[in-house]
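Same chain, two forms, each on its own as structure tokens: structure 1, then structure 2.
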Structure 1
Amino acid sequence: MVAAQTVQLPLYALFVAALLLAGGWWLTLRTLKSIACGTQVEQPERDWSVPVIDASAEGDSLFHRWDVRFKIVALLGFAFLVVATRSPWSALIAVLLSLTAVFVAKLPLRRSLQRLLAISGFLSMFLLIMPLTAVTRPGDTLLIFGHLDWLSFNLRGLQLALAIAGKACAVALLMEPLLATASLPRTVEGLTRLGVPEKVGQMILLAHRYIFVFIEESRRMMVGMQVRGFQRRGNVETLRVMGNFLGMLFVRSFERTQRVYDAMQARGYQGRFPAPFYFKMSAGDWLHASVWLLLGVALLLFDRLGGC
């Protein structure tokens, strides 16, 4: 059994490495943000109460024409196989495959980059903490800076962090072709056809629709409080006002929920939504699903047997 190897480096190397890593990460985030903002097209103000998770559902691409049931099974199966990999190189290949799916689906790159920006803070903590906290195992390489023996940088921990970050980016990018290439009701209906309880599907639709309404309601209430002179402070009065704010928001949400339910019953709701979507499988659906699942299996075999 090979013992862990220790590489002694001067203390200034720690500061140089920290500056390089911080600068590289900041430059990457700035580049992603500039690309996301640069590709944004000026659009008229939209209705805040209508979510846009499926804004590209009317497009025409391979993913748009794909039966939603096969698409859910294939892409989620591919995502699970990606998560099962261990190597950073396998994660990089998965990211490239997910980016390819985004381009094939003819989706705006801005939304995909915004997904990566949303998880960048969480992933950066992995890249910082895991190399410093990974348990030392035989064969590991530890970097020791100066005489700080208690601060060892485990290269295996860095590889694990890179693999986790890569897999998270790959799965996040894959959600755009999965969710944005069909309307949300059609996607939920596909889940129901695959065995998900119908009540769960109804809860997803209603929650996705009205969470934006409640967010806008809370924003309006907060604006009203600020107009009346409310300012957040670290005192008991602020806690009392915020408690009243949350209580009033809960009451308004409950009242709106009751009104929505009454309106649904007035329109003939009897425990289920109408399902106007008719699914018809074809040989192409089977072929596309098989290709994505085979890609996932091949990636997993490459990770396990490729010696990466």
Structure 2
Amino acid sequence: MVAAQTVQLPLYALFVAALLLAGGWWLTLRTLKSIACGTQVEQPERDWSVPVIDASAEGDSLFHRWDVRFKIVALLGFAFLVVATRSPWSALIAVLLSLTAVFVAKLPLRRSLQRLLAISGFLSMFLLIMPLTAVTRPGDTLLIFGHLDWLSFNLRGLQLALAIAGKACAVALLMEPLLATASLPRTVEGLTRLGVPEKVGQMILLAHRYIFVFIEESRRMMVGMQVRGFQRRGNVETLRVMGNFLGMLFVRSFERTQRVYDAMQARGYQGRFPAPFYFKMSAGDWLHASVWLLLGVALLLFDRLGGC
């Protein structure tokens, strides 16, 4: 019923393609992982499972000197413009632009690669599933291997998945220039100046601080459980222990936090940290922000009118 163009391929092509795909995927992940983890400094004191947001806040680059408020608005606007594009080609250009940002900000590539690694699972699922399940529309090209009629590989689906993956990577690469080029309190202060309630800003800072405390706490509790002979198995007993573990984590962290909060209030905490941040906007901030927004608009125009 649908006039889709089908391309018949021999059955062995499927095996070759599957092999190439799996090999390529494995190789990409390996490379990403080795770069992401290879240069890691061994420091037993620090927990590397949760990275520091603002590790490179001390650097000096175009991004570091940029007023935080302009940075947030411009890069967020750029991200939304990128996400609005449709074709894989514009997504590719967006990835290149984001990579440029990482280099201009003089940031280590490792953290950006870790971010890509974090989303790779989700994106691999899309790349694998979309071509197989996309609905056939007139004008689509279907690849069919041998006589396996039910296994049709829709090239439009692949295109769709590639565009999604590209856009996701482009935005993920933007995160480091956006966040790592100023200290987190400064970024949050910028958010507050942009209209986010102060209460929420404080919550972000408090919760971020507690994450590291709780991870340490939960690790201590886990060691205690293992010393007493607990082993993770796939049964209800394990889930019961995990439930109690979570409950205990709540109880302990709540009591600790209450004590800390009382101490903070005793020292005069009234809902904000008295850290002076000075913001001054200059012509350069406006210029830098408009460059990014114009790039985004140009990308969107290219995507909608460019015809590819």
Partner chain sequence: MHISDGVLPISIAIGCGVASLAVAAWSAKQTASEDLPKVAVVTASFFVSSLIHVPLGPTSVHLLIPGLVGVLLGRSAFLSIIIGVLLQSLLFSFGGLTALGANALMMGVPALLCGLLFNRLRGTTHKQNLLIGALAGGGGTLLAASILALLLVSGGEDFVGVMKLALLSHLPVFVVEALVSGFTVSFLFRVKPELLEQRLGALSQG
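We call the rigid core the largest set of C-alpha positions that still match within 1.5 Å between the two forms. Everything numeric here is computed off the predicted structure, so don't read it as measured data. Structure 1 provides the reference sequence; residues are numbered from 1 along it.
In this pair, structure 1 matches the form predicted on its own, whereas the other structure does not. The two forms, fitted on the rigid core, differ between structures 1 and 2 by less than 2 Å at the CA of Arg110.
Shown in the overlay between structures 1 and 2, fitted on the rigid core, is a CA shift at Arg240 of 2 Å or greater.
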